[in-house]
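In structure tokens, one chain follows: the form predicted alone.
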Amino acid sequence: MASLTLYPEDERLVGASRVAFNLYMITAIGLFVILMIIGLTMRLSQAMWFEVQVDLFYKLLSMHGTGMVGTAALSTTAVMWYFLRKYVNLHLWAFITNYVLFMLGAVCIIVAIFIGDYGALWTFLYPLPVNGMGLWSSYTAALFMAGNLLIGVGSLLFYFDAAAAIIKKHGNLGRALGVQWLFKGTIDPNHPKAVVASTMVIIANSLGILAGAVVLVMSLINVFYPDMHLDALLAKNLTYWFGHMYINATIYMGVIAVYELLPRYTGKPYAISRPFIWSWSASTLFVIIVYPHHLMMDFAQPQWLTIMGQVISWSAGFPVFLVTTFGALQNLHRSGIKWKTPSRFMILSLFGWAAGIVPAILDGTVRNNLVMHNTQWVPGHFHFYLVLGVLSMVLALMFHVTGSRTQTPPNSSADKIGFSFYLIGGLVFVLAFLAAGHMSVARRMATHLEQWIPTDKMGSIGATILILGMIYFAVRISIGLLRSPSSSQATGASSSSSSQ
């Protein structure tokens, strides 16, 4: 059961652990700001407020998409590590190695895009990336793919270390997930939600990353030995299997912060339950097999895969979300919570997750997908649950940890203003995408028709407001993380939730 102590002793960061966590979070918050500015640049260009050459636009789009997904994974991996290390014996070297490989991969991607002129977006769909049509070389595409491979290998090393630690503690991954309590038995009230969620991520995302590694290695071989041809449909399935699970894993790692922190700010226990175990067990399977909903317009796709993607799309998003939201509302009910910046972000994250699911399920319905999938409806739904959902989960932990440095939860007037900017700007930004999608505005296009420009302008205004809030958060959080711990924390004292 999650602790009700606001800053428990077993979460205290010291020495190399503190340095590693700070590197993750300061790197992530800085990258988020830079990548948001890149996104704003593209929206301003579409709105005709700022001119960006077409070839540069697609390089920026490649950087923005790949970078945002990778940075979301980097930051939520830190969330998972921060809490999981309390319950199992994780090795710090695996956590640090993941960071090093991420940075090496990021350098490869940046060089490929801004020096090698790569502009084929994140998907590296065989055989397109190596056919640069004179804009970039096949070796540039290989460098981009190698960067993605390095990032994936780093994640796998971290997951394998976490899996070994969980198995050593609980016997096997099934018991860690809680499957022994699906039908009978008394659930251990102290079985950590962080372990359940981490186990689900390890099982699902390890398979996804391995699928991505297979297609990346095969594609890299094809670059240097063009006579070796791949099955394009198989390569596309592996690519989207990887991509879908990798970005979904960020939600499931990030929500651990809500499970662990919310009880401390409400002062009420957040107990584990049989529906909770069922939901996470079902989602472990669903998230693995739902990816074909990305391929509904591929006529060559086996029909059974399309049907499976359609059916599972209607249910995959609900189990974990519903049990999490219901549990959070129960925890909030009559709690007398005193709102602080971390708790505000936790509740915002649940709203962003919920609201982002609805347009995603609509797009995952085949008749809608035929007319909506290549429109801005799609960036509308995934920006909704990433910006207002996942990133809010990460920001909740970042602000919570900065509060541990002074033993006081952050809640300044500037924090409240920054939160308002983030919320209002984020809503305007994502609703502009959804409105454009409803009007059938095409996505991934550098230049827009005149009748599309109003939603581009609305999105640009929202993004500007959002980024102002994020710049404040980046400065505030970086200073807070680098601040020396207070004397009470340094001596091992912790503040209870009653001190709120």
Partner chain sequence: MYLQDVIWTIALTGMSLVALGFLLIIFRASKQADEATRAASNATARKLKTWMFGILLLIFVSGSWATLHDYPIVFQDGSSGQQAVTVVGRMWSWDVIPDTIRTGVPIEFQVTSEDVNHGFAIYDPNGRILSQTQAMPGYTNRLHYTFSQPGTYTIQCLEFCGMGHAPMSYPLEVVAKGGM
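Residue numbers count along the first chain shown, from 1. Just so we're clear, the structure is a prediction, and the values are computed from it rather than from any experiment.
Here the subject shifts to the form predicted together with the partner chain, a form of this protein not shown in this document.
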Within 4.5 Å of the partner chain in the predicted bound form: all of 22, 172 and 181, by heavy atom?
no
Out of 207, 107, 424, 354, which one falls within 4.5 Å of the partner chain in the predicted bound form, going by heavy atoms?
354
Note: exactly one of 220, 285, 164, 128 sits with a heavy atom within 4.5 Å of the partner chain in the predicted bound form, namely 128
Heavy atoms, 4.5 Å, the partner chain in the predicted bound form: which of 277-285, 82-90, 247-255, 294-302 makes the cut? Say which one.
294-302
In the predicted bound form, is there a heavy atom of the partner chain that lies within 4.5 Å of any heavy atom of residue 115, even though the partner is absent here?
no
Taking any heavy atom pair closer than or equal to 4.5 Å as contact, tell me whether residue 185 reaches the partner chain in the predicted bound form.
no
Look up in the predicted bound form whether residue 189 has a non-hydrogen atom within 4.5 angstroms of the partner chain, and give yes or no.
no
Although the partner isn't part of this model, could you tell me whether residue 416 comes within 4.5 Å of the partner chain in the predicted bound form, counting any heavy atom of the residue?
no
Can you name the residues of 314-330 that have a non-hydrogen atom within 4.5 angstroms of the partner chain in the predicted bound form?
314, 315, 318, 321, 322, 325, 326, 329, 330
How does the C-alpha distance between residue 320 and residue 428 change in the predicted bound form compared with the present structure, closer or farther, given a change of 3 angstroms or more?
closer
Would one find the Cα atoms of residue 320 and residue 354 closer or farther in the predicted bound form than in this form, where their distance changes by 3 Å or more?
closer
